[in-house]
Every structure is written in structure tokens, then in C-alpha cells.
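Taking the form predicted on its own, here's one chain by itself in C-alpha cells.
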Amino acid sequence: MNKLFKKIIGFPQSESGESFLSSFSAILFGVAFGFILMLIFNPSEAFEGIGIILTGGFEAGRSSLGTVLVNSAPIIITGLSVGFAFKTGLFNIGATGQLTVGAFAAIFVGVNWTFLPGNLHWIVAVLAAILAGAIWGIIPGLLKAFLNVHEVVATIMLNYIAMYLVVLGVKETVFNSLRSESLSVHPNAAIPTFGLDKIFPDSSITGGLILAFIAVIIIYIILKKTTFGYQLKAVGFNRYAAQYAGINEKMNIVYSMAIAGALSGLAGAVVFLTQSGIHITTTYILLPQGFDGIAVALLGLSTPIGVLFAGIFFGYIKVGGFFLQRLAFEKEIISVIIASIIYFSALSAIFKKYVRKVFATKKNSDGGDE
């Protein structure tokens, strides 16, 4: 084998290369599965349909790209929430509940605290959402650390508690009885666009995208560049070994869930601190962004940069799926296609293991061939 080919196959041998190929494989299999379903249900329009899915994010130029980024911002942040917990050995299924209480806190401040100066109102509303999400995340953290209650059970139950409490809170404090939803936040409480509306005209883009990028940078620094992040990961790898090394494993579990909850709370603020007509309804449903965050974390292999790109990809697919409805496909096919991608994203770790095995075998078989 020549040196050029060795350089080409050398890329996947790095950790980042393996991660990229495993995630790409999950996307490829997911899209292929969706395409097969489209061929079964509507073969005459299947090729056009898959083309719309793959190019829909550019359908209306910069306006469509703005919509992609609007959809991506909260998914990126909830993906960070779930991924951060993964990195510290915890499975945060409660992102949707943390997002819900964060959204309510943001809307409550956005509607009622009109005495705040205009340039502070949205900041206080965002901070309220972060604090509420962190408190909701601390609860399963305390249960895990001191009572050994599994965080999956605790967070699933708290999702429903959050849903019912927030509906009650909306009805009692910020209720629009004419529309059975929360009141609109004051214009000063809406997250500003930071000039993004000029880059992506005719879209509902907000500064939530900027907050998502800031969150990615902060979490990357915490995990990669700080002693605190090292301790959190050490507890995740082996709780008892970390304890033996002098790390307070109980408090680090609480800190991890608090940070994860704070991120999900921030996502709630990004979704609802807007003048685009998005409100909390008084129907008993779990908000989907938290569950999308689980898929994004899996696809991004729980790394901040991976989550960033996975979140943008999911936002892109959702926009493409919206335009797919112009063809003779039932709207449910869009959800099925997205679900298949989510399913295969859960297998990213398996793809990564397979990629590593394939290229290790190739390296061994070609070891003496120049």
C-alpha cells in the first residue's frame, strides 16, 4: 500500500476521526432507512423527497438558514446538558423537565418584572431560567449522591412533576385565558438578535444562537481545561476510585446535575424569550427539545463540539422535513425519518468500535507494505 493511502486511512485512527466516522455512519444509516420507508409508501416521489430533506435548509436562502439555526439553538443547549452529564457518568433524562421549569421562570420574569431597565430585563429572565433549571437538576443529584437513587428514575419522574407544576403556575400567574397559554413576555425581556436578523432576514432568529455558542465554549473549557472538570470526569469514570483519590464524589455528582439542569434551563429561556408567538400551553405535554437533546448528545458523542454540529444537523433536518410536506407524504413520515436518525445515533458508540476495529485490522495487515 502506498504512503498516500496510508495517510488517507490514518485519519480515522485518531480519536476525532473515529468519532466523526461513527457519527457520520449513524446519519447515513438513518437517512437511508428513511429513504427506504419513502420508497415503500410513495415510490414515485421518494427521490424528490429525499432531495428536499437534504437541501431544504437552503430552500429560501438565508431565511431558511436562519430557521435552521433557530431550531438548532435550544437543541444544542439541551444536548450539552445531556452530554455534560454523560461525561460525568450520569444519564440526565430530565432535560425536558429542567427546560420546562426554566421556561416558566423566564416567562414569569419576562411578563411580571417590567420594572427592570430594558437592557437588564432579558438578562435577568435568562438568569432566572438558568437558576430554576439548576435547582431542578440538583434534586436528582442529591438523591443520587446521598440516597443512591438512580438518576434515570428520578429525572423521568421529575419531568412529569415539572410539567404539572408549570401548567399550574402558568394558570395562576401568567395565564392568557383567551388562548389557554402563557402571556407574551414584555418586548424588553425578549433575547435580542445581536444583529443576526440582518444576516438572516425574514427569519425568527434570536440571540439564542449566540448563547448556545457561549455555552459550548464554557462547557468545553470546564471539561478540558479545568481541575473541576477533571474531577467531574474522574467521578464519572469510577466514583469509588475518585473518592479514594480524595475527591468529594457526592458533591461532584450534585454539581454535575446542577450544571446540566442550568443548561436545560437556559434552553427554556432561548425557546420562550421571544416575540415570535411561542408560549407555554396549558396542555399536559412534555416539551420535545429535551428529548432531542438526548439524541444530539448521542450523535455528538457527548463532546461540546460534536454536540454543536449534531444540533445544527438536527435543526437542518427538521427544516427539510417541513418542506417535505409539499409532496404526497403524510406528516408522520417526517417524524419517522427523524426518529430513525435518532435511533441510529444511539448506535454511534457501536459504529465507533467497529471503525476502530476495521482500521486496526487494516493497519496490522498492511504493516510491512510500503
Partner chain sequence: MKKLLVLVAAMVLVFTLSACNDTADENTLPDPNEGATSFEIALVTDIGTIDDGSFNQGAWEGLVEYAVEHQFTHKYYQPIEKSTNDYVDAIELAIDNGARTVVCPGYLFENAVWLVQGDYPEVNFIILDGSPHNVITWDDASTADVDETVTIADGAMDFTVEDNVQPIFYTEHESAFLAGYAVVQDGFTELGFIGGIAVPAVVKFGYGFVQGADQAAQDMGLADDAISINFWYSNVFWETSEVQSTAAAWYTGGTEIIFAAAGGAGASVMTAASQEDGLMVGVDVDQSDVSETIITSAKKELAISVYDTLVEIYGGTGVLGVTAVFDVTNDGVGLPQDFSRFDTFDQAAYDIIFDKLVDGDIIVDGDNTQSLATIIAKYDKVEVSDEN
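Not measured: the values here are computed from a predicted model. Positions refer to the first chain, counted from 1.
A second form of this protein, the form predicted together with the partner chain, is not displayed here; the remarks below concern that form.
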Can you tell me if Leu178 lies within 4.5 angstroms of the partner chain in the model of the complex, counting non-hydrogen atoms only?
yes
I'd like to know whether Pro117 contacts the partner chain in the model of the complex, with contact meaning heavy atoms within 4.5 angstroms.
no
Please run the contact check for Leu299 against the partner chain in the model of the complex: heavy atoms, 4.5 angstroms, yes or no?
no
At 4.5 Å between heavy atoms, is Val336 in contact with the partner chain in the model of the complex?
yes
Report yes if all three of Trp122, Ile138 and Thr193 come within 4.5 Å of the partner chain in the model of the complex by some heavy atom, otherwise no.
no
In the model of the complex, segment of 183-191, 158-166, 124-132, 253-261 with a heavy atom within 4.5 Å of the partner chain:
183-191
Contacts with the partner chain in the model of the complex - residues in 122-144 whose heavy atoms fall within 4.5 Å
none
